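Here you get one chain, nothing else, as structure tokens; it is the form predicted on its own.
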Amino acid sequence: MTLPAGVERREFEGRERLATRGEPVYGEPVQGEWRAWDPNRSKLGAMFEKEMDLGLAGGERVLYLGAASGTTVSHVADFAGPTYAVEFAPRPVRDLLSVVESRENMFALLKDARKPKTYAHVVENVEAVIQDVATRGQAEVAIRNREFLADEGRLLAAIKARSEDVTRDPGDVFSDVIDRLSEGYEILQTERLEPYHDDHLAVVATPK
């Protein structure tokens, strides 16, 4: 798998790890300008470790849904172009704003990913939509935000089974989510994210 420009494998504390170049955010190991990317704290980092074909070359415009306090989206902004970070909860957005201060290409939006019309006046057309939202209706969120995605762009989604239905078998939940996603996207690849994240399915797709 070819890593995007700006993402490298470097040695930290005696072992090789993914890394991006930027200001540290969450206490990750640092080597000069490079900081380790922890796949146990990042679904996208886990996708890279699983060697999925994410279609990222570096420099892409990105819409990140479910930015939380900035752990993963900070790594994305290190190698991407303009990066729009959408988060609904005010408390993590306060942390996210401190991440934005050191990344001039990153824009924090206190918005609900289920309501893309509320930020459509801000977000431009993007080459990647990265989604990690812990809410019921994750497929619907991806469908609604498809309007921002370029024709050849990629949806990179981490689907959390327990956010959809904690009582059902994760495999059944994932099947239903994929069925709904397929109404608006061509599914290119799926991969369970164990051992990094339990009951999560990574999905790579492109808009139909």
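Note that residue numbering begins at 1 and tracks the sequence as displayed. This is a predicted model, so every value here is computed, not measured.
A second form of this protein, the form predicted in complex with a small molecule, is not displayed here; the remarks below concern that form.
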Subject >> Candidate stretches 28 to 36, 63 to 71, 170 to 178, 50 to 58, one within 4.5 Å of the small molecule in the predicted complex by heavy atom >> reply: 63 to 71
Subject >> in the predicted complex, F88 touching the small molecule (heavy atom, 4.5 Å) >> reply: yes
Original post:
Should D78 be classed as touching the small molecule in the predicted complex when contacts are defined as heavy atoms within 4.5 Å?
Top reply: no
Original post:
Can T135 be called a contact residue for the small molecule in the predicted complex at 4.5 Å between heavy atoms?
Top reply: yes
**OP:** Answer for A113 alone: is it within 4.5 Å of the small molecule in the predicted complex, judged on heavy atom distances?
**Re:** yes
